[in-house]
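There is one chain below, alone, in structure tokens, taken in the form predicted alone.
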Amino acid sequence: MPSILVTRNVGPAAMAKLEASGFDLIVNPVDAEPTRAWVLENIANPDVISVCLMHGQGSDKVDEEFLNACNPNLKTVSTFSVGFDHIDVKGANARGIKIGHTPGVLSDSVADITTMLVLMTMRRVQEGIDLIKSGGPTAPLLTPCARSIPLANALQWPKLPWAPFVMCGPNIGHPNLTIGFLGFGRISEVVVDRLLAFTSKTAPPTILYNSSRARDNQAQLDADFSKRWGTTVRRAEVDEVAEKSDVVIVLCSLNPSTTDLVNAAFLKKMKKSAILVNAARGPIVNSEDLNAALDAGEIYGAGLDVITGEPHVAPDHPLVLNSRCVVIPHMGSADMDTRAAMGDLCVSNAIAGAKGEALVAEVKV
């Protein structure tokens, strides 16, 4: 009987949709990452014609080993994610396997987290939390762009001397800010919608963005964006985004051309008063270079929803310990409605592929 392999329970509504599909289901019996051996054994089963798998599970990486283990009847791999850097899409397509993903449904959720990280980083929220919880090591700032000076851990909030600029950070409403994006897809556009609510109305920000390539109608695209938001929006090269932006937001896809895109050279071009936020994929930002830039005061702060090596990030990781870096555990799409919608789209792709129909959302490279 034709079957769909499911490497992780995708939620009650999505599982019910799978159960009503008419296909047999082979489901990981535990709510945990399966073993790689379990995945490889099941994709070799000639009855398995479609797979629902996860981005964050090492067991689910679609690489040469995975593809060599696939039975010849496998038609579709559907990932519970927008990103597909864990999948050799060209290799799969060469074997006649379509790849589905879940774009669109998580734009609002990721934009919320991205906006939150911008505000948390600029307003030094992590330092404030640490001060309350542990009497953290932050010294008062006498100027908004000065760096923190480590003090004894015994310092507690009541002992923090008040000063006019204590715990101050940059202002998202500062006149004529420049907000730069690396990658300018659906999520970036929703982030602009949100950030403009906080920015100056009399001296609005300029929006710079870098995309993989300039379009033939680039001038018209930028004019349309500018009209939509009532401010100047234009495509720029990566170096200009680094040099001119007060806020740099990373929302591009991870691929060979973007790995380590934000490195020591990029960070040295940034303003000392600028912040960096990464809500895309960890390896786009070089962690060692970022930590060094923060320590040297080359940039003001950073907010990370993603980090290289996740989830294997120890409490003593330099960026986790850095007082000017906010690190959260890849929570961009983590709200109940969004994850349910991702589950629905993931299984819809898998079912359509199993039926030999066009996928609802197919990865095209």
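For every residue, the number given is its place in the sequence shown, counted from 1. Everything numeric in this text was worked out from a predicted model, so none of it was measured.
This next part talks about the form predicted in complex with another copy of the chain, which is not shown.
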Handout entry: Candidate site S109, R124 and N171: all three near another copy of the chain in the model of the complex by heavy atom within 4.5 Å
Key = yes
Exercise for the section: Taking 4.5 Å between heavy atoms as the contact cutoff, choose which of P164, P72, P256, G96 touches another copy of the chain in the model of the complex. Expected result: P164
Problem - another copy of the chain: the contacting residue among D130, D85, E288, D239 in the model of the complex [heavy atom, 4.5 Å] - result: D130
Practice task
Determine whether any heavy atom of N28 comes within 4.5 Å of a heavy atom of another copy of the chain in the model of the complex, and answer yes or no.
Solution key: no
Exercise for the section: Tell me, yes or no, whether I328 is in contact with another copy of the chain in the model of the complex, where a contact means a heavy atom of each within 4.5 Å. Expected result: yes
Handout entry: R194 within 4.5 Å of another copy of the chain in the model of the complex, heavy atoms
Key = yes
Exercise for the section: Please check if E41 has a heavy atom lying within 4.5 Å of any heavy atom of another copy of the chain in the model of the complex. Expected result: no
Handout entry: Within 317-347, the residues that have a heavy atom no more than 4.5 Å from another copy of the chain in the model of the complex
Key = V320, V326, V327, I328, P329, H330, M331, G332, S333, A334, D335, M336, D337, R339, A340
